[in-house]
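Form predicted on its own, single chain, as structure tokens, below.
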């Protein structure tokens, strides 16, 4: 299947997460484009699935990702598979607090897309990071799980 990993990153941690997820999807046999939400273009009918991510800001996803969703995910996306991811402070991830990934997940379900995985939160140690030691491998594994769900 052909899909897109769309992300926004302020300090680079969410970009690293997006790239690792893309690697996991490619390892699963999918064709994937990496798109920055701030520079995104019309998705058209080229993509069969979507993976969207944002850093957490006050328990929500970022403005560029909200704008991407609003401007690009029309009725033609209903029923298509998706997965959501994001970065959050380690303590917020551990406590199950609201995160960007959960916010994106809910928004895409509300728009009629089909979730193939639970929202993935990747921990950062401070506001600007870095990612947790195993953060990139956890993201690759998430990509593999999403890839397997898409193939199944």
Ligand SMILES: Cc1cc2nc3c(=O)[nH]c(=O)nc-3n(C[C@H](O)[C@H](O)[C@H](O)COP(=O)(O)O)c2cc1C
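It should be emphasised that the depicted structure is a prediction, and the values quoted were computed from it without experimental measurement. Positions refer to the first chain, counted from 1.
Note that the form predicted together with this ligand isn't included here; everything after this is about it.
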Next on the checklist: For the three residues 10, 58 and 124, which mark the spot I'm curious about, does each lie within 4.5 Å of this ligand in the predicted bound form through at least one heavy atom?
Outcome noted: yes
Checklist entry - Applying a 4.5 Å heavy atom distance criterion, does residue 89 contact this ligand in the predicted bound form? => result yes
Checklist entry - With the partner removed from view, which of 103 to 111, 80 to 88, 24 to 32, 41 to 49 is the stretch that lies within 4.5 Å of this ligand in the predicted bound form, judged by heavy atom distances? => result 80 to 88
